[in-house]
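Heads up, the chain below is alone and in the form predicted on its own; it's given as structure tokens.
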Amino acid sequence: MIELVSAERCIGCNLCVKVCPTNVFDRTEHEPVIARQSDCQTCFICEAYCPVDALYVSPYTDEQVDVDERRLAEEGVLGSWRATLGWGPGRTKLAAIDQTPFINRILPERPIRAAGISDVRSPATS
């Protein structure tokens, strides 16, 4: 559940307000306010979209937890979901390092691109 909007880091872009599917935030003149915390679905969308890692969504969906912003920042947890996804400048995208072993079984076949042979099909594992 959403636990923190960092007043220190927030730039007031309101992307979290725009992307939240359950309207958890209210806009203010400064940083958004968590107005309906119990409506949070713990989807992490707001944290993923925050360009300055100013949000913390706790993985506990049904209980509110006390958080310390300074400690979250020191431990590298503040905005960590965005970093895990690889969103943001200089970060490696999660898709680029995906090693899912079964992916070739679910991908559609790809055409073989040989000289003059464009209609031959091959399994995705080729």
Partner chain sequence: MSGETDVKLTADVLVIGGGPAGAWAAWSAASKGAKVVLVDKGYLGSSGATAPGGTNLLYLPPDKEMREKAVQQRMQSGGFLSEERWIHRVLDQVYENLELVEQWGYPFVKDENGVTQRNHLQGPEYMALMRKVVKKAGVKVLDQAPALELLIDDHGVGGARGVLRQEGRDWEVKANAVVIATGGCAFLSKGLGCNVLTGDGYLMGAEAGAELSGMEFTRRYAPAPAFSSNTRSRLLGWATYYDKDGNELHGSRSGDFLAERLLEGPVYAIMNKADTPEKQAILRSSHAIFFLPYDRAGIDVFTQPFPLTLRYEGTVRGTGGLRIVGDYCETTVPGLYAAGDAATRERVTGAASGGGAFNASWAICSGTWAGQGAAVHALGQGAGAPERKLRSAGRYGLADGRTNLTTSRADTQELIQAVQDQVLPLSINYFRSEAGLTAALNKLNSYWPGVSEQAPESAYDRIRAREAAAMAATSRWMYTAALARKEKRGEGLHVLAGYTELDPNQHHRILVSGFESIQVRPDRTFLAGVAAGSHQGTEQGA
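Note that the coordinates shown come from a computational prediction; the quantities given were computed from them, not determined experimentally. Positions refer to the first chain, counted from 1.
This next part talks about the form predicted in complex with its partner chain, which is not shown.
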Answer for D62 alone: is it within 4.5 Å of its partner chain in the model of the complex, judged on heavy atom distances? yes
May I ask you to state whether R71 is within 4.5 Å of its partner chain in the model of the complex, using heavy atom distances? no
In the model of the complex, I11 touching its partner chain (heavy atom, 4.5 Å): no
Even though its partner chain is not shown here, does I97 get within 4.5 Å of it in the model of the complex, heavy atoms only? yes
Counting only non-hydrogen atoms and a 4.5 Å threshold, tell me whether C20, I45 and K93 all contact its partner chain in the model of the complex. yes
Judged by heavy atom distances of 4.5 Å or less, which residues of 28 to 51 approach its partner chain in the model of the complex? R36, S38, D39, C40, Q41, T42, C43, F44, I45, E47, Y49
